[in-house]
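A single chain comes next, written as structure tokens; it is the form predicted on its own.
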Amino acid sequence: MLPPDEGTLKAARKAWIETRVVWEQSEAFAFGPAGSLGYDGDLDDWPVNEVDVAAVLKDSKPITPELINSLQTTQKGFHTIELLLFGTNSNKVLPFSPRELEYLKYLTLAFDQTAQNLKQSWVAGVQGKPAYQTVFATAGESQNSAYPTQKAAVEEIVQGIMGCLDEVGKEKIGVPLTAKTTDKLESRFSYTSLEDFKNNIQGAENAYRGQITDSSSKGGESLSAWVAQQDPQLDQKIQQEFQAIQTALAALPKPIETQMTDPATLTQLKVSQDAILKVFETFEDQVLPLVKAKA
């Protein structure tokens, strides 16, 4: 393995950040095999157990795929790779030790395999299980034990959106906001925690609107379109609440990791949290009961 130079290190960091965007926008869909087969934890558990990561680096035991598989989820995945690439305070400099390079190599190989397995679980099936996209799309059919009714599948989407909003509002923002420290920010090593917030919210909105980009909607095939048929004012309210979140997050300085002692930043972070929890409450108090009653 050739030692990294500034160019390859920059490219690796860029790839990490770009991969993170896609993953964070998918978190509203982290149901099914992502949870039941453990893929979510292997890819994205946090916070990193820095003590145990340091122990791996200090150990003389060869780093192998088997060793990586035996590690805790807080010693691998996105954030251990992030720690090794960026450093504790986004200040990692060359050179990397041979042990760090080996750890990174096998972490990324394991990460790629887990991501491929997650994709496979949806498109073709794994471990003798059918493709989850088929399971989800056939909700309500007589042989579907996972989703015996179409209502159950719609509720899954609503719960996925709510779970994402709840995690961002109460954990990803709420915990560091209360502590007024960077220690609990999820992507603090790369200074990209604010982008995580934005992408999580974008993912929740995408799940509601049934699209990935503004040009990818399939017309009426969305939760938003269904809500609008039942209660146009509720749909409009949700759209406005999502926009209020994005506006609040856009007003935050970046990187937020360097601003956690600034009173103005903490105030704006609280505004963002409140906006997120407001739309969560709308889903909990109005959308979920509507689905249960009418879907």
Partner chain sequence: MQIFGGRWSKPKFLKWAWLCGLVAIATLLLSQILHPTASGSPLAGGQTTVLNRSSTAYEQPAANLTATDLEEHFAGDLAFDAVFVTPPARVNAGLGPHFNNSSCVGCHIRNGRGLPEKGQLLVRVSRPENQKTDQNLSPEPASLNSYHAEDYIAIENTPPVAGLGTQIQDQAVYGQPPEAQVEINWQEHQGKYPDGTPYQLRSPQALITLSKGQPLPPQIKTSLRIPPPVFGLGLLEAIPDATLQSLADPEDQNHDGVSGRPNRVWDGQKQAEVIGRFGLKANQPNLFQQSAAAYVNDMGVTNPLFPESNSDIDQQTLKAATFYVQSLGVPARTLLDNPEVKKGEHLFTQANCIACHTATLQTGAHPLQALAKQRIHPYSDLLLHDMGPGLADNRPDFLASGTEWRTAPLWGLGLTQTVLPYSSFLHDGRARSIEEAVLWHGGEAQTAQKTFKGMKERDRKALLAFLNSL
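For clarity, every value in this text was computed on a predicted model and none was experimentally measured. Residue numbers count along the first chain shown, from 1.
What follows is about the form predicted together with the partner chain, which we do not show.
> Y132 versus the partner chain, in the predicted complex: is there a non-hydrogen atom within 4.5 Å?
Residue-level check for Y132: yes, a contact with the partner chain.
> Wondering, does F31 line up within 4.5 Å of the partner chain in the predicted complex on heavy atoms?
F31 belongs to the contact set for the partner chain.
> Find out whether any non-hydrogen atom of Y147 is located within 4.5 angstroms of the partner chain in the predicted complex, and reply yes or no.
Taking the distances in the predicted complex, the answer for Y147 is yes, it comes within 4.5 Å of the partner chain.
> Does K184 reach the partner chain in the predicted complex if we count a contact as any heavy atom within 4.5 Å?
Looking in the predicted complex, residue contacts with the partner chain include K184, since a heavy atom lies within 4.5 Å.
> Any idea which of 65-73, 235-243, 248-256, 261-269 reaches within 4.5 Å of the partner chain in the predicted complex, heavy atoms considered?
Looking at the partner contacts, the answer comes out as 65-73.
> Look at the candidate spot formed by L94, S97 and A137 and say whether the partner chain comes within 4.5 Å of a heavy atom in all three of them in the predicted complex.
No, none of L94, S97 and A137 comes within 4.5 Å of the partner chain in the predicted complex.
> Need the contact residues for 261-289: heavy atom within 4.5 Å of the partner chain in the predicted complex, sequence order, or none if there are none.
Those in contact are E284, D285, P289.
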